[in-house]
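Shown here is one chain on its own, the form predicted on its own, set out as structure tokens.
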């Protein structure tokens, strides 16, 4: 059963900018990775889902509700981390969490405390004095503290150190085990490989593939043939490298990393816009 549905979504800003005929769905209990460089259309797509942009062509729904018309109802069961988080900088982190809790009608619970401890967040100081990483932690706690069924996360570990990135990956694994539905946009390939069931890659506003990581690896598999001096050497080489020997020749298949697959779609060039 699909929870997030995007069908032929188009937003043309002119000069090739925007998103064009984007169609995919995220199923219940699935972690879906959304990959593409800056300017490819990830955030524009996500802003439609959040209800910040009204769809002019195509459709996007969450739990069957229209993302623009029913955004208030959708947000009751949604956790969201924007690509660029904005806070009330004069507030302390503690006051901000209280404000969001009151706004969302969330009762005080151990969930918020558990998240604060998990990410070693000190929310007592003024937000304007917090580092980028500390603000990101505050955004994570805010998004997850009401235990939402659906999570839309746009570059959620931006500014976090490797230890905290790993804790975030563990958090996503925990949420997946609870049956939560997650759309994860990220530049960190390890993060996507370790958490996502399927992946969509967007290029120049158009979705170029949607598949599981394993299917993508099989599709982009590299095959090499190596010639040795003798059949005996070929046989030993095949054993060592998991290849297939035929006379003095050995055929070896190599699965690419997600990063290499991504660069295959982008031609290895620099694509930030």
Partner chain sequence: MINSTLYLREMKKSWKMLLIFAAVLTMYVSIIIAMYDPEMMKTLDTFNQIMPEMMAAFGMNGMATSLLGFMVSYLYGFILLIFPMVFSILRGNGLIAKYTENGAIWVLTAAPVRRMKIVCTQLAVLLSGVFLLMIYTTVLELIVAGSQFPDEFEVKQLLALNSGLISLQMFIAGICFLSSCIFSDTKYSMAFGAGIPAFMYVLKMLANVGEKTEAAKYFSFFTLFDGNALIAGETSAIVCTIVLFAGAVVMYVLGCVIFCRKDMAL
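Being a predicted model, the structure only gives us computed values, none of them experimental. Positions refer to the first chain, counted from 1.
As for the form predicted in complex with its partner chain, it is not shown, yet the points below apply to it.
Here is the short version: of 234, 210, 213, 50, the single residue with a heavy atom within 4.5 Å of its partner chain in the predicted bound form is 50. The listed set 109, 166, 122, 76 contains one residue whose heavy atoms approach its partner chain in the predicted bound form to within 4.5 Å, identified as 76.
Only one segment in the set 112-120, 174-182, 89-97, 154-162 has residues whose heavy atoms sit within 4.5 Å of its partner chain in the predicted bound form; it is 89-97. The closest non-hydrogen atom of residue 80 lies within 4.5 Å of its partner chain in the predicted bound form.
Interface residue remark: residue 187 is not counted as part of the site for its partner chain in the predicted bound form, having no heavy atom within 4.5 Å.
In the predicted bound form, its partner chain stays beyond 4.5 Å of every heavy atom belonging to residue 129. In the predicted bound form, its partner chain stays beyond 4.5 Å of every heavy atom belonging to residue 239. Shown here without its partner chain, the chain has no residue in 141-175 lying with a heavy atom within 4.5 Å of that partner in the predicted bound form.
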